[in-house]
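Just one chain follows, in the form predicted on its own, and it is written as structure tokens.
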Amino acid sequence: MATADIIHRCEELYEDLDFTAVRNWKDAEPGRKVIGYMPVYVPRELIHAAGMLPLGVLGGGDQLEVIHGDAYYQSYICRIPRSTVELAITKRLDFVDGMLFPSICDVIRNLSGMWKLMNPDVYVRYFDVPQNYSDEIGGEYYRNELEELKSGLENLAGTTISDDALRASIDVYNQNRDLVNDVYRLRAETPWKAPSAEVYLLMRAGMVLTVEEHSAMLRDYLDATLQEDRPQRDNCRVVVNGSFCEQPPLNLIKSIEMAGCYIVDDDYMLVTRWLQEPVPTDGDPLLNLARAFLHHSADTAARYCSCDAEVGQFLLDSVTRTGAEGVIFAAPSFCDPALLERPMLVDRMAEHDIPSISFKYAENSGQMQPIREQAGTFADSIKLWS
């Protein structure tokens, strides 16, 4: 299969706000259920082991006009909760049997309560995470959270999630993360062969497909890139940071690339590679998931960092690993976690003489010319003076 065919399929999934692929999966067999989740880490392995489909709900993007959703929230917060409410009110998510709201910020915490008021018959859970990362305290707390989630999913599915089923699901997601990481390595090494807009669409596809189908798509893409010869441009290499929750418009990613930047790492769709190491498949699967989150999850503003953790080291390691020449801080407007962390990250980059620029966006940003000009000036300055 050619790269263009794969990306065309991804674009269709990306643009379909009615989630037709997910509806078709659910309708294919009686009794199938779908669990939605917001785009920060949740243990999708548990949902998969229950025979359900995890559905990443990432707001309405730039295609959805938010009318009713604005009545539920004030204007001085990010857009993703309002557009997510709009998806619900317009019946685009009426097939979803449950919703998980991971611990991101106060806005998403409130959205979980709002969802319960709007959909009293739907399984809703705010999925909290520990702020103590010792195995004896935070690990035990998190394992209990996983146990409660497992019990809730079992009640909804009308079945028991066995340890063997969960181990098998862990293995399937380990394979998927390996393939995701392979795509990211390909882009870091040869970004002209795997443009960031394509990589982004590939990861978005994983939010609506079964993990098995998504893994097959990633394999096809990796194989297809080997068969194609794309021109290399004199672009500078940058890391994009701050977009781990509300996603940027696709045109924003394209604009950065058109401005003369190769995006060699980012935190778009970080949910697909939140766990940085494979989860063991032997022993207690819930304990393995808990310890993987505690000790091997990505360092981001949506995850608590202990006092002895060095802020910005994860980003600095990314810059070093990918050979990036600068950092673009792109965060959604009113995103408290990203915008509160940004000054510390900017200072850390400056300490290491890594140039950076900053801007904000919304998922429905329409005017890309200022962003393209800012990114283009940044790229030119790196080429001239770095």
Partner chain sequence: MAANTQTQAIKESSMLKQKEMIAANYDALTSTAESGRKVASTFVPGNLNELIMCFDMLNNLPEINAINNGMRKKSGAMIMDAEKRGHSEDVCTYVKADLGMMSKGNVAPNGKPMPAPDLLMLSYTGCFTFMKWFELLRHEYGCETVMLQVPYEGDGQITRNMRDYVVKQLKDVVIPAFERVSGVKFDIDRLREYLKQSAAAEDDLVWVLESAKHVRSPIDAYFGGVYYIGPIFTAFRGTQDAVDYYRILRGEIEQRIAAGQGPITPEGDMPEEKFRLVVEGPPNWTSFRDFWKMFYEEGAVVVASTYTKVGGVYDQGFRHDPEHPLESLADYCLGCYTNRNLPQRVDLLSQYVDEYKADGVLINSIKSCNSFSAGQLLMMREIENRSGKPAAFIETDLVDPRYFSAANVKNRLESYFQMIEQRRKSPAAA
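Keep in mind the model is a prediction, meaning the values are calculated, not measured. Numbering follows the first chain given and starts at 1.
Just so it is clear, the following notes concern the form predicted together with its partner chain, a form of the same protein that is not shown.
> Taking its partner chain as it sits in the predicted bound form, is residue 216 in contact with it (heavy atom to heavy atom, 4.5 Å or less)?
Residue 216 lies outside the contact set for its partner chain.
> Report whether the minimum heavy atom distance between residue 77 and its partner chain in the predicted bound form is within 4.5 Å.
Yes, residue 77 is a contact residue.
> Taking heavy atoms and a 4.5 Å cut-off, does residue 124 contact its partner chain in the predicted bound form?
Answer yes; at least one heavy atom of residue 124 falls within 4.5 Å of its partner chain in the predicted bound form.
> Residue-level contact is defined here as any heavy atom of the residue lying within 4.5 Å of its partner chain in the predicted bound form; does residue 249 satisfy this criterion?
Residue 249: no, not in contact with its partner chain in the predicted bound form.
> Using heavy atoms only and a 4.5 Å cut-off, determine which of 258, 222, 114, 316 is in contact with its partner chain in the predicted bound form.
So the residue touching its partner chain in the predicted bound form, by this definition, is 114.
> Find the only residue in 280, 152, 195, 138 having a heavy atom within 4.5 Å of its partner chain in the predicted bound form.
Comparing distances to its partner chain in the predicted bound form, the residue within 4.5 Å is 138.
> Based on heavy atom distances of 4.5 Å or less, which listed stretch (24-32, 318-326, 47-55, 339-347) is in contact with its partner chain in the predicted bound form?
Only one stretch passes the 4.5 Å heavy-atom test: 339-347.
> Any chance all of 1, 62 and 87 sit within 4.5 Å of its partner chain in the predicted bound form, going by non-hydrogen atoms?
No: no residue has a heavy atom within 4.5 Å of the partner.
> Residue by residue through 321-335, which ones have a non-hydrogen atom no more than 4.5 angstroms from its partner chain in the predicted bound form?
Result: 333, 334.
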